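In structure tokens, the next block holds one chain alone, the form predicted alone.
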């Protein structure tokens, strides 16, 4: 009877193995290879369109699809012990915690105990090539254009808080065209200048607001602050 059970169990094992082999045969991996090639083409062509929304969707969308393929076809979570899934869940939770903890500092070039010297030097060279000195007057500095390209992704090109990344931010970026924003008496010129230069936390605001003091000189920061104030509908 034990031989019969062993034979029966072995038969079932071979059948299960055969089904798994058929499911994960060469054709299966060729399909995944084709999917990855398509994703690679999209990841290259997406940024070439220079449309920020498409670039963000492409980057994060491809990452999610690749992670899904790995989990579904290579990690075999449906046949692994439950603790493997628990371990993966905890690892993902820590990864997300790490990401959101450091995200506010990504665009900063200096902090309490560190300075990104290479980034500051690169920015200084870029400004010099554009005709903007490391200090002094803003000259032909295009505050509106710089706002649209540098601040626009979050605040929107027109300052209405409707940039491409705004929906993913909490709190949402300020709407400089809303009279309610300027109704707060703390929003003085010095306050706006401080937030731009030193970042949101320096003025008790959102930590998602990066500091741009290393990217622009004082005259240019002043010009940016004046431009932001010009969006106040009560001042027009």
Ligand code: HEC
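Predicted model only: the values in this text are computed from it and were never measured. Residue numbers count along the first chain shown, from 1.
Although it is not shown, the form predicted together with heme C is what the next lines describe.
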{"item": "Heavy atom of residue 228 within 4.5 Å of heme C in the model of the complex", "value": "yes"}
{"item": "4.5 Å heavy atom contact, residue 169 to heme C in the model of the complex", "value": "yes"}
{"item": "In the model of the complex, residue 58 touching heme C (heavy atom, 4.5 Å)", "value": "no"}
{"item": "In the model of the complex, residue 28 touching heme C (heavy atom, 4.5 Å)", "value": "no"}
{"item": "Options 82 to 90, 149 to 157, 69 to 77, 95 to 103; stretch whose heavy atom lies within 4.5 Å of heme C in the model of the complex", "value": "149 to 157"}
{"item": "Contact set, 159 to 192 vs heme C in the model of the complex - heavy atom within 4.5 angstroms", "value": "169, 171, 172, 173, 176, 181, 187, 191, 192"}
